[in-house]
Structures are given as C-alpha cells and as structure tokens.
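Given next, in structure tokens, is a single chain: the form predicted on its own.
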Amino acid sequence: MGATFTAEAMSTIRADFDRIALLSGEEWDHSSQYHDFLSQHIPSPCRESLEIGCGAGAFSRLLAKPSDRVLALDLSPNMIRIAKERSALFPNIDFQVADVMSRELPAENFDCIATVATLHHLPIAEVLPKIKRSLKVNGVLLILDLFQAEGLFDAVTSTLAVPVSMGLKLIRHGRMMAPRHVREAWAEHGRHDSYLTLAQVHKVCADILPGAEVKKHLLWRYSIIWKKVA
C-alpha cells in the first residue's frame, strides 16, 4: 500500500520538482486551498514544527507564525532555494534539502508535523510510525494529500469539482488553465504518481493513527488530523 520507495523513484521525484520549481511562480493550487483549514489545527503553544515536503514554503510560512521554530524539508534543491527566497521575512524557518526516509528525526521533539501533497510519494507504512515517534505527546499531525476515486459517489463529486476548480483558477490567476509548459511538467510528474483510496486511508489510520479525523475535500484531496495522546 502506498508508494514504492526506491532510490530511483526518489531521484525521479527530485528531478520532477526541480523542473516544476523553475516553471511555476504561482502559490495557489488545489492543495493550498486547504491551508487555512490545516492551520486551524496547529497546536498552541507550538515551539517546534516540521514540514515534510515543503515545496516552495507556502505552508511553512503559515506554520512559522505560531511556531518558535520550523524545520522544513524537501527533496528538491530548486524548491528549497525558492522557498528561502520567498521566506526572507521568516528567520525562524530552517529550510533543508533532505529525504525524510533517510533523515533521522529526533524522538518526541515536534509539537506539530505537517505534510501537504507529499505522503503519496512515500512508503506510508514506514513513514507514519517514524512521524509518530517524532511527535511530542499532545503534538498534532496534519496531512493533506490526494486520493484515488473509487465508486459512484467519488465519481460524482469529482465531476462537480471540475467547474469549482476552474472558477477558483480564474479568480486566483485570471485564467482557467496554467500555461502549457507548466501543465506538461505536471502531467509528466503525474505518470509516476499513485494514490490511496479513501477506504485505504481509513484503514491506515485505524492501524497506525487510531482516533484520527479523516475528511474528504472537494478538490480531490483528503485531510488527516491526529493528536498524539500517549
């Protein structure tokens, strides 16, 4: 279940996002539509936060407002470079090029750990226990990711999401479609992606994150909010 984790796969993902980082200057996308929702669940007080797969740093900057310190990790050197450029007003964010699977995370260290549109790239059965160990008691895990539609209800809501997506793009960017070269870069990356169904997400949470709140969102996303109680 989840991504196939190999050095070759990680190298491909790194190359994809190095390319995408140089092509796309727009911060709003389907995932960032739900940043405010995730932000409502950041614990207070929040001294140490971690973002896994920070990209250009949009959610890292939201984490930085209530946090004393934020460690933001991403595989892509280009993404980290751009994140640093865009985050000059946030000296409490430490952006680092890193692979979370090989990076040692300190035990019970973080008050909040977040990952946005990244979990599907990782071996979920390995990374979630690693994240759990690194959360403090009463720490909060925030996950936003894409899911694989399954069944009639998912098909109907997916269809309804299309005009909503186009309208939001028009409002945010003044157009309903990204430039062709950006769409092609994302399409090439998407050939390597695979997603969990919502049924699989619920099963993972039951096995690893008992008590997690799983929510389906309209724009092909789901969220997991989980508080570590022991």
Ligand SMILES: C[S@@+](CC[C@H](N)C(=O)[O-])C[C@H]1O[C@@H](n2cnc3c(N)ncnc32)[C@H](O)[C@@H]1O
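Start at 1 and count along the sequence shown; that's the residue number. Not measured: the values here are computed from a predicted model.
The discussion below concerns the form predicted together with the named molecule, not included here.
Of the residues Asp99, Asp94, Glu150, Glu126, just one reaches the named molecule in the predicted bound form with a heavy atom at 4.5 Å or closer; this is Asp99. For the candidate set Ala117, Ala83, Val140, Leu71, a heavy atom within 4.5 Å of the named molecule in the predicted bound form is found for exactly one residue, namely Ala117.
Contact check for Phe17, Cys54 and Met79: all three have a heavy atom within 4.5 Å of the named molecule in the predicted bound form.
Considering the named molecule in the predicted bound form, the lone stretch of 45-53, 158-166, 196-204, 171-179 in range is 45-53 [heavy atom distance within 4.5 Å].
Within 4.5 Å of some heavy atom of the named molecule in the predicted bound form lies at least one heavy atom of Ile13. Among residues of the shown chain, Cys112 is not one whose heavy atoms approach the named molecule to within 4.5 Å in the predicted bound form.
Proximity of Leu122 to the named molecule in the predicted bound form falls within the 4.5 Å heavy atom cutoff.
Taking non-hydrogen atoms only, Leu75 approaches the named molecule to within 4.5 angstroms in the predicted bound form. In the predicted bound form, the named molecule lies beyond 4.5 angstroms of every heavy atom of every residue of 128-155.
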